[in-house]
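Single chain ahead, written as structure tokens, the form predicted alone.
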């Protein structure tokens, strides 16, 4: 009998993937945690019915949530990853030689444990001496550490369930307070095709807290609509101009998706989406 996993993205859209085996399934304190072995994408982590990461396409998301921000910052030393219990973002952050400390603030210990067991390629950095794992509410962690970080990467689930607070005005204000002067903040901002309205509303809220905010995106086939969005924000950094090219050359040797040529057009928003952003800002 064929076994398939399906994620419903909208009332009229569903992604299905053929499954070889269910490797793990348990309800943690916070969410339903499922690990599947799929034919197309290898191992797949699913939280509350939503695909979080897979072995085959994870590098796109993790490289893009980390490198544009760190390369824009001058000599980043202290980085906080809020969420990101799968470890992939931490792995990418550690590639930057200036980084001295990475805090992983993940609410669900079960996610960390499951990913250590089933996604060893993601979690290679979690035992690095520069990494400090804080199991608990990332919102509360940032509240206790004002002015600590050069970069904050909000590697959260979608704005449902435990992830809702990580898209709120209060959280963005808190993240800004936890950053050093000249730092930057990144959040995933949902899909370009299914949920572009989310990216627009998140960007508008970020602009209430930061002077500069840029959208960028990437194709990630296992995410809703197949193309995912990110927002990067700062009071000081011009993301179209600021770039450590020497460090970029080092990073480019390690990546599968990110490149200098990709960076050159990273913040060029597709015209139909640009119009959606501009129309919303004009209202």
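Numbering follows the first chain given and starts at 1. It should be emphasised that the depicted structure is a prediction, and the values quoted were computed from it without experimental measurement.
Form predicted in complex with a small molecule: not shown, discussed below.
The stretch from 132 to 140, 175 to 183, 150 to 158, 69 to 77 that comes within 4.5 Å of the small molecule in the model of the complex, counting heavy atoms only, is 150 to 158. Put simply, residue 43 is far from the small molecule in the model of the complex: not one heavy atom of it is within 4.5 Å. Among residues of the shown chain, residue 188 is one whose heavy atoms approach the small molecule to within 4.5 Å in the model of the complex.
In the model of the complex, at least one heavy atom of residue 228 sits within 4.5 Å of a heavy atom of the small molecule. In the model of the complex, at least one heavy atom of residue 86 sits within 4.5 Å of the small molecule.
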